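Listed next as structure tokens: two forms of one protein chain, kept apart as structure 1 and structure 2.
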Structure 1
């Protein structure tokens, strides 16, 4: 009995030692805060600044680069002058655009009006686009933000920018958080909140969101265990669902606290 008590006491000591080291001996690593929205006064902008705003929106809030990239998930958006002229002259085009700017706006707001051959939603014979209306859902671009992206795309294609900067408006734009190193942000408290803030619904069906570019996650908890879900968030290219291409950015390990990651895993595991 005495030997048993020694073993128990020694085990408690070792566990306490490791717990103490884990809590106080290992430096805490603060993740980079996710982007936050900041109002931008458009009336004070010149065109170069407006184009820069469009580039930032294109790569952040708009999530455009998730699909419009060299992986071929969606058409590339360079050399727009020749491409748009070709598409407007296509017999299958049924929209009302007359130039590059109006075509881009139409494509973002009503993407199924014209679907480039080979890029339609599976089973629709290129009659329906998998791209969401950028005005709705987790993307939610304003008219001013859409125009900024158009200005950026025209400029990137070497075209003269044809849109004007809206006057008397302000636009929210995602900025990198400016907190100093080691400062803390508020913690997210639910998995649903994390899904909304990170824009998961832009690509996935999950909760109230109806994205169609990535795998359907509405019942993912009955299909994958917690370990798989956690790995898919931290290393999204480790296991690609059949029929999809690598497109999810591997950034969430740096943007989420460990407790938030577990909240997200808990929420996804509950979807059955």
Structure 2
């Protein structure tokens, strides 16, 4: 009996030792909050940081470089002084912008107010822009994010930045918005998620998105086999859908793990 009590006492001692170790010895791991809830603090930001925030937004959440790139399907935005003077001086200009910043904001929020010649939506005689309103749908920029992009574009053209860093409640900028799809990200788990994050909806009608520049994908599963769908992501210019210009960026192969590519193909194949 005495030996039994001894064993019990010893066990209690060992267990409490472990409990103690677990409580005090192991550093507590703080689970990271989901990135989308973290807002960037603009109140303490200087202009250089605001400009680099704009640069990140331009290539990530803003998806601007999907279209504004050397493929030439949208005007380049790197010589704004001359470009904006020319637009505002055009007889066909009917907007209300007065300077570079207001022209940029107007172009982003209401792209069809002035459509650059030759760049309009097919069949609209340059009356409608294929560029989505950046506040809506697949892009969804806040006003503060739009201003950051304006600051970046002005700076990139060698101009004095004319916008101020917005303050207070009206300035939500999501931390996650500026993260690019890198190797350290979490794996995507559905095709819908991939379409939303990679911005396919800027150009395609797919799911909730209403893009106009590429083929309508709402029933692509009944038109194309998986092999074709896979190739259209891996090598978008291998075969060009009739009636469209080759402007789908050949960048997705680098942004997806193989298993994720299959998820995306599964999703598209299911659209019937």
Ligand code: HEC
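Just so it is clear, the structure is predicted and the values come from calculations on it, not from any experiment. In this text, the rigid core denotes the largest set of C-alpha atoms whose superposition between the two forms falls within 1.5 Å. Positions refer to the first chain, counted from 1.
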Of these two, which one is the form predicted in complex with this ligand? 2
Would you say whether residue 144 is displaced between the two structures, judging by a C-alpha shift of 2 Å or more on the superposed rigid core? no
For residue 198, does the CA position differ by 2 Å or more between the two structures when the superposition is done on the rigid core? yes
Residue 257: how large is its C-alpha shift between the two structures, with the rigid core as the superposition reference, in Å? 5.4
